[in-house]
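There is one chain below, alone, in structure tokens, taken in the form predicted alone.
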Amino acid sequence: MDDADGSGSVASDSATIAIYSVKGGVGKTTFAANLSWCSAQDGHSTLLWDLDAAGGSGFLYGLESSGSRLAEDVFSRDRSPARLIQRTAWDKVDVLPADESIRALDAQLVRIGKRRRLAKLTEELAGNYARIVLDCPPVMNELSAQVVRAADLVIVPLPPSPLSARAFDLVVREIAGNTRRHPPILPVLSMLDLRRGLHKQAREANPNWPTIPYASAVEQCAVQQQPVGAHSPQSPAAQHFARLWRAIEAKLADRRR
């Protein structure tokens, strides 16, 4: 039934990966765009689904919003999300872009009353994509609850700060409160600068968490409108994203066992 609780997609070899935080400015969109590229480099047909009204994921791939209000329509039963997908310049990476209508999506989800609508849509898309990456807005509402139910894995970018630690606790509670069998959570220290004392302490306190460094190569993603692995493939940042992707695949493999 569509309103049953649960999480994850039904296609045996597919996976939905949510990049989520309740705090903005943590590098979430940069993570989503770069991990989608890593997924494609790993041989997976990959869909980057932008659920954030800012539309940053599409921009990082050189795609401009059409200014329409079609993104909201994919949650109704009369429009297939596949019709709105755009190809990127990179093989195996497509984008389902956001537009201004995403701002009203939470109210729409409450109105239609389908608690697993996003999960059903990702299951439909999994017929064509081995990996679906969700760039999620920094919210705690019906949309975030639907993200949790759809995801096979939740990635939480965490810049080293007390506020980020608090945000991570909120994410954990949000996930636990919206599913009986919640997806695994992978926290990642983002924008890490080991020259800073607080950052060094955060790294020492969480030595097993993956890290993404504070680096100009990452900032250049928005300037170049390319993933870091495309414009600076030998950079430490590109290598860190590649290692993070391997950790993600390991988590997904563990879950399938």
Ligand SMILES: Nc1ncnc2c1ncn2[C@@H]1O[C@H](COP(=O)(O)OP(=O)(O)OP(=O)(O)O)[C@@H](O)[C@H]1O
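Note that this is a predicted model, so its numbers are computed, not measured. When you see a residue number, it is the position in the sequence shown, counting from 1.
The following text describes the form predicted together with the ligand, which does not appear among the structures shown.
- In the predicted bound form, no heavy atom of D42 sits within 4.5 Å of the ligand.
- The closest non-hydrogen atom of G24 lies within 4.5 Å of the ligand in the predicted bound form.
- The ligand in the predicted bound form comes within 4.5 Å of no heavy atom belonging to L47.
- When the ligand is considered in the predicted bound form, P184 lies well away from it, no heavy atom lying within 4.5 Å.
- Screening M191, L63, A202, V188 for any heavy atom within 4.5 Å of the ligand in the predicted bound form leaves a single hit, M191.
- In the predicted bound form, no residue of 90-116 lies within 4.5 Å of the ligand by any heavy atom.
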